[in-house]
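Only one chain is included here, represented as structure tokens and corresponding to the form predicted alone.
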């Protein structure tokens, strides 16, 4: 009996498939997302644990410390409760943490010790598929944390504006940008000791990016430095959407994250290609 082997499909469709070199991108990044879902289905407690940290801050500082402070001046100059002022900032921090931790610690283990991506690149997938797949999983975690935190805020009556419906897509964009940048930085890590730099960046950013008090408490020079932090822009977006004081400056904050996401994806994919295909 004679069998006829079908010719391989060499047609490249889609913008990325047409533009990028052959082997860099195969359009199958969803396979990495499926793998992450299968691996983490038995470790769901570790996945959702990142949701609780900002929730603890909300109850501890928003309600506990807020009783001592009372009302504060909100984004539009109107007086709001301290917990309503802090909650959007913690929502932004929740999206950031969910994306960064998955795109740094987990990625480094897969890259350096599990040698997962060496195995992945023996399949039709390329370095950009790895980058997009892992960043997508990181933003899924960020979106889960954002959804959970928004649900808590809704239950506590802290969402008083219709603009709050856009807080979740904004959280996804923020998580995507932080995940892409975190992944790009991880490709430069040499050992676990280098991850002290991640904490060195995240902790001051969390404390000083107007999370708990307005930027006007700082001198002008410090205000400029704070405005360079990505979390500052994330907090401005979330605080505007949750309180309803939306203006044109929101476009600038969102553009910051669009650029950050593009830079992160490009650097991460190129670095992965250099590390894995060299």
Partner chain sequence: MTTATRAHVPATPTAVWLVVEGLWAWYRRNWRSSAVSSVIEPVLFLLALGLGFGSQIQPSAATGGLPYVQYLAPALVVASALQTAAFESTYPVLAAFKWKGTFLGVASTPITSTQLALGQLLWIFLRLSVSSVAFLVIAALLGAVTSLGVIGSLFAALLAAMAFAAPVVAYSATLQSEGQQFSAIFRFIVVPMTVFAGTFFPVDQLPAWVRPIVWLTPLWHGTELSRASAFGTGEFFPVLGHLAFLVALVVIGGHFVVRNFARRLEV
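Positions refer to the first chain, counted from 1. Note that the structure is predicted; figures quoted are calculated from it, not measured.
Below, we turn to the form predicted in complex with the partner chain, even though it does not appear here.
J.: So which stretch, 29 to 37, 54 to 62, 248 to 256, 224 to 232, is the one near the partner chain in the predicted bound form (non-hydrogen atoms, 4.5 Å)?
T.: Residues of 54 to 62 come within 4.5 Å of the partner.
J.: Decide whether residue 108 counts as a contact residue for the partner chain in the predicted bound form under a heavy atom distance cut-off of 4.5 Å.
T.: Residue 108: no, not in contact with the partner chain in the predicted bound form.
J.: Though only this chain appears here, would residue 157 touch the partner chain in the predicted bound form if you measure heavy atom gaps against 4.5 Å?
T.: No - in the predicted bound form, heavy atoms of residue 157 and the partner chain never come within 4.5 Å of each other.
J.: Quick check on residue 119: any heavy atom within 4.5 Å of the partner chain in the predicted bound form?
T.: Although the partner chain is absent here, residue 119 would stay clear of it in the predicted bound form, with no heavy atoms inside 4.5 Å.
J.: Is there a non-hydrogen atom of residue 165 within 4.5 angstroms of a non-hydrogen atom of the partner chain in the predicted bound form?
T.: Contact check for residue 165: no, nothing within 4.5 Å of the partner chain in the predicted bound form.
J.: Sort through 204, 124, 169, 76 and report the residue having a heavy atom within 4.5 Å of the partner chain in the predicted bound form.
T.: When the partner chain is considered in the predicted bound form, the option within 4.5 Å is 204.
J.: Considering only 69 to 102, what residues come within 4.5 Å of the partner chain in the predicted bound form, judged by heavy atoms?
T.: In sequence order, 69, 82 come within 4.5 Å of the partner.
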